[in-house]
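Form predicted alone, single chain, as structure tokens, below.
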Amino acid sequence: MKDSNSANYEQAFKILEAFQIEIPSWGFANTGTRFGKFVQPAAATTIEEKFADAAEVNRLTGVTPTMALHVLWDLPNGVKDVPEVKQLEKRYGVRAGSINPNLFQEQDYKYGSLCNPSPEIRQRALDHMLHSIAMAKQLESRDISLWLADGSNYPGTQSMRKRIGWLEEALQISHSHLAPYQRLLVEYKPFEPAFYHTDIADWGMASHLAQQAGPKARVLVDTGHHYSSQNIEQIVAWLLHTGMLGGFHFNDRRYADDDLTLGSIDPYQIFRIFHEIHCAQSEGQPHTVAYMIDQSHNLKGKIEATVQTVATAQELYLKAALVDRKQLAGLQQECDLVAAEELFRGAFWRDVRPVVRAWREARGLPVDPLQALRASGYVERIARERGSRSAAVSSYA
């Protein structure tokens, strides 16, 4: 059975079966901007509510079996919270995913965490890293995703070279505490909140630090953490080539780190990124890439936006997988620019929604997850149950 605009359904089904994406706990909570927080009555305010919402997304889409956790927001009591999380995993059928240390929220980190000039504060930050790794072990979570807000705002106020050394040392110690199955994913960001220099500002710095940390460290690419018009798929190609790509935090942006739903601004970019990954796979290059979402749904409904993102990710992943790479390689070799671009763009413009709907139907999933969510009344029910409590909670997550 073939569709005129896509590859064989059987091939497409295999591709869709292989795709899973992790959703973030903080995507279900009340969030906002530096100017204020926007409260939604259906927002999750407890770790159980976050697991319940994650389970609803997985029920609707079938491809989100794990939920990323932020240590201070989701595990404020440290290891004491692990038994509760394990019980929630069993109850809701969603596992704890990547563990995200929080090295940016405390007042002590005003001048940095792992890069702070104070040895005492650097040690506190390192202790938090080791504590996060220990919790990840107890939860059998593979990835520890590290993002630092460390940096400075004014020239001459910090020694950039000393901070490199402090960071290398901290990551080496952290790496030594990883279990054999665990990974340390090093994220980067060019600016914000630091505006003169950021200690991990680009993929080259992150790659160097990961290599210095040890063989279980890789680079994490957040699609919002780049300068405007930067060629992110080229960065992905380099990281794949060097074996340093560990995973993604997917979102979209118009200006900077906007945390918009994936594909809402530039779906072609996500398609191009997935294409590079599929190219590496087709060439037999081994890699383990974690697909994760990192979005802040300030205006859209939390669960609706997450379902929308997951469905878009599936479609773009499938589109990129169906590029005729053998034919494309021949056109590239011949420098037939127009034909190569038209073949590439043609895959992007294919309407793969019918085959994705067929795959969902074959798996016993709702053919239209968003419509099924609306029909279920889930959002309205939790809004009634959580409304007053959500409005009363003032913390970020």
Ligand code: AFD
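One rule holds for the numbers: they count along the sequence shown, beginning at 1. Predicted model only: the values in this text are computed from it and were never measured.
One more form of this protein exists, namely the form predicted in complex with this ligand; it is left out here, but the text below deals with it.
Candidate site formed by 38, 49 and 300: none of these residues places a non-hydrogen atom within 4.5 angstroms of this ligand in the predicted complex. Contact with this ligand in the predicted complex, defined as a heavy atom within 4.5 Å, holds for exactly one of 276, 74, 259, 199, namely 259. Proximity to this ligand in the predicted complex, defined as a heavy atom within 4.5 Å, holds among 249, 218, 163, 319 only for 249. For the chain shown alone, residue 359 is not a contact residue for this ligand in the predicted complex, no non-hydrogen atom being within 4.5 angstroms.
Although the partner is absent from this view, residue 147 contacts this ligand in the predicted complex, with a non-hydrogen atom inside 4.5 angstroms. When this ligand is considered in the predicted complex, residue 183 lies well away from it, no heavy atom lying within 4.5 Å. In the predicted complex, at least one heavy atom of residue 104 sits within 4.5 Å of a heavy atom of this ligand.
The stretch in contact with this ligand in the predicted complex, judged by heavy atoms within 4.5 Å, is 249 to 257, chosen from 249 to 257, 302 to 310, 130 to 138, 282 to 290. Interface residues of 21 to 54, taken as those with a heavy atom within 4.5 Å of this ligand in the predicted complex (partner not displayed), are limited to 26.
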